[in-house]
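Structure 1 and structure 2 below are the same protein chain in two forms, each given by itself as structure tokens.
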Structure 1
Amino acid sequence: MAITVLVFFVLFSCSFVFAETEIRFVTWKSQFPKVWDEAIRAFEAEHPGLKIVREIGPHSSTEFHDLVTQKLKNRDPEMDVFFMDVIWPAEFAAAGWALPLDRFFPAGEREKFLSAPILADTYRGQIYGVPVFIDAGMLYYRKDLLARYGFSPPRTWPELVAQAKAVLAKAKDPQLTGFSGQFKQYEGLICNMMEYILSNGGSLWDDDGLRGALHRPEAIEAVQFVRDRIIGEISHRGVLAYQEPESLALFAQGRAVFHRNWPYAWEIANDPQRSRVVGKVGMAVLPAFPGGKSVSTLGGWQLGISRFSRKPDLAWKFVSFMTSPEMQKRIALYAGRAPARRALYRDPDVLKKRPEFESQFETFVHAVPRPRTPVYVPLSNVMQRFFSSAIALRDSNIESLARLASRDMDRVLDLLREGVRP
């Protein structure tokens, strides 16, 4: 009897010791799933007894935001770690949803990262996310077509339109379009339109006066240019339904002269298994309007920990591992994602395989973030509706739509005026 009890106790103890503890990770659908699969396997091998359970959400930032916020609003204890777009930390921090990471992520460690994403992850002096990779808008172009017809990469938006029209006229290819970007009504539309507006000297809103600015002449001129010259002259209307994957697929199939996307597009456009334009692709900074300067929207993704997680210390082990120099190097090498850690831009292995990062570094350093505010999402919703209506309808009254959008933004910004600024 005593032996039986002892054996049972030993077996029970062993099963308890070797039972796996799950860390639940909510992530989006990646275009490089193998990289993330291997990274998670490496974490589990290094931490026996810990298992990462993934819930994979949609690729769209807007739709993924809806998924994550629903879980946070419900105080879902099953979600431990989640991806955050660079515009979400202030919102999640102000709502009390994201866990402050200061005890895990001290100032000395933050200095090893690019400053822009660290700033985006900071709210009222506390840090709420750890950058995984950084993004900034870039111009991709068919260097073979530009060379064939005697063009250099355009420095202004009107020059881009003129070159695209000339190439289309001379190439006489009915499958070829002049420009592919992200013009569907989602957060990517904000990133695209912000680059036009700011490069024309405009702004989305006045962050000091807390007033909408879409009704100002610089913004209206830029929006009208997109409607009349980009959508109206050199793109087919299908781009109004494009997010990143669809717009990149068009370019990679050899059916667009110019393309706006994030740095990862270089990897896909030069992958023989996914692209018909390998070796024919050039990359440059985005154009500006005459008299303006090139503007590239800051993008990128961070890892955050839910305030409602029952396992914050274990969750940090995973966040720390996934944002480590080794993992960011792996993500850079095999997914083409630009690292958020400064040192990797001097890493010989990274620069050998990704020489484009060296020239992109200054773009990343000077990329323009969308304003940090806990009310960004309702502001984004207003802007998305305005931009979509303004550029999709050929006869839209942009001035009237812009005044209404600025009015609605003022109402949202009143919430900050009545409370405390971020």
Structure 2
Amino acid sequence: MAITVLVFFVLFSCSFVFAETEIRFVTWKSQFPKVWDEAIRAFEAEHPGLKIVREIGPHSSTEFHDLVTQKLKNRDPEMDVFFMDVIWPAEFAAAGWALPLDRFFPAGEREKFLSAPILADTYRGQIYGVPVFIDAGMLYYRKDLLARYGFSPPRTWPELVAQAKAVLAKAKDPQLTGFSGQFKQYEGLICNMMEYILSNGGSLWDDDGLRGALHRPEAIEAVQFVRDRIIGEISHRGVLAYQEPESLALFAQGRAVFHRNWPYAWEIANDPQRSRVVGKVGMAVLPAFPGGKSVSTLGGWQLGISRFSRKPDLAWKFVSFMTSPEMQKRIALYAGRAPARRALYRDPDVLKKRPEFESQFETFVHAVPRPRTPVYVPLSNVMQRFFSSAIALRDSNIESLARLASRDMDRVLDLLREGVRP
């Protein structure tokens, strides 16, 4: 009797242990939770015995970063798979937090993805993440207003300012503003400012010499343009406190001629429930400075595997499933996010539901990642402080602020020269 009970107990407990292996997935709450719920159910159905346990963090990139790094720095084995913003792989790789995925994710497979996010996921020759969907800066404009006054979408920033001024002068609508973007002191400010500086031939820092480059004339000129022409002439000063939602709300309420945002804005601007400009919205690549090339900042999210995970092989099964063509298609169709796999931009179902992807494809291909470095966050904070100080104060001394910022960046970059890297 006792032995029967014992055997039963052992069998039962074994089956209990082996029946379900948990994979812990740290994610944010999606705007389209159903898509993710279904994807995870599909994975569990396909892999009996595996169970995905989700932990939910804030969707703000900055806050999510702080949560994930808290787990990683404490070597938490309870996290197997996590989302990474496109700016983190270098940091996570250098810190020894993210698992190199080369043995799972060979070069041949990587070629099926857009090259920009793959580049962002690569650090010192190894790959640390698999792109799920991508983002890139876009110019939105009021088709109806530009047509009424005989303009076509601007190719250069000065042209954009001139058109906006002309429309504002002729429309005589005191509630209308020329341009709405994201100029609050936060990560999005870097995305916006980078598009001006790089399209003027400048750079944020010099990656080979490890030196800040904000004090160079191209950068200073671009920053000054934003302060004096964009904010000084065609935007109202509120943009200095805007993140994506506020800036889009202004455009969707029909109060802005031009708007810089990510691809998601298209759907909202054309949703009668949330927009008053349905059907009046046009989309184009961002302008450049005369003689420069249009630059779109790359955004988007990747899946990574923790180096402290006790079951990396199972974790990979999940990552590979979530980034498979079928799943990316599902995410593109039902969550409206731009897929990271090239082939989906030729997929008839995707193009039927999301015709805008076709015209956006060029931008996605040429989107520029923010510089990859393990000290990205401190550099970003220095730059945010500089950009915000330079554009928020009308009489800021941009040159001296830029020199200080470059010097502070040098000091952070100097850390990379110290010690011997493994």
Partner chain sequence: MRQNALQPVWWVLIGGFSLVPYLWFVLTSWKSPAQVTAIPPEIVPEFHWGFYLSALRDYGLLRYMRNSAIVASLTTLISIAIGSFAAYSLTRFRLSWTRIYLMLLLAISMFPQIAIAGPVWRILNTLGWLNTYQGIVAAYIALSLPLAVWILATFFKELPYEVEEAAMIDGCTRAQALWKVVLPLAAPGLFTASILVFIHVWNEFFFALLILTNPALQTLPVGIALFPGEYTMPWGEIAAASTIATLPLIALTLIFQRRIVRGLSAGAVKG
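Take the two forms, superpose them, and find the largest set of C-alpha atoms that agree within 1.5 Å; that set is the rigid core. Remember, it's a predicted structure, so these values are computed and weren't measured experimentally. Reference numbering: structure 1, starting with residue 1.
S.K.: Given that just one of these two is the form predicted together with its partner chain, which number is it?
M.R.: Of the two forms shown, it is structure 2 that corresponds to the form predicted together with its partner chain, while structure 1 does not.
S.K.: Does the distance between the two CA positions of residue 318 reach 2 Å or more between structure 1 and structure 2, the core being superposed?
M.R.: Indeed, residue 318 is displaced by 2 Å or more.
S.K.: Is the C-alpha displacement of residue 225 equal to or greater than 2 Å between structure 1 and structure 2 once the rigid core has been superposed?
M.R.: Comparing forms between structure 1 and structure 2, the residue 225 CA shifts below 2 Å.
S.K.: Taking the rigid core as the frame, does residue 96 move its C-alpha by 2 Å or more between structure 1 and structure 2?
M.R.: For residue 96, whose C-alpha is compared between structure 1 and structure 2 after core superposition, the shift is 2 Å or more.
S.K.: Once the rigid core is matched, what's the CA displacement of residue 48 between structure 1 and structure 2 in angstrom?
M.R.: C-alpha displacement of residue 48 between structure 1 and structure 2: 8.5 Å.
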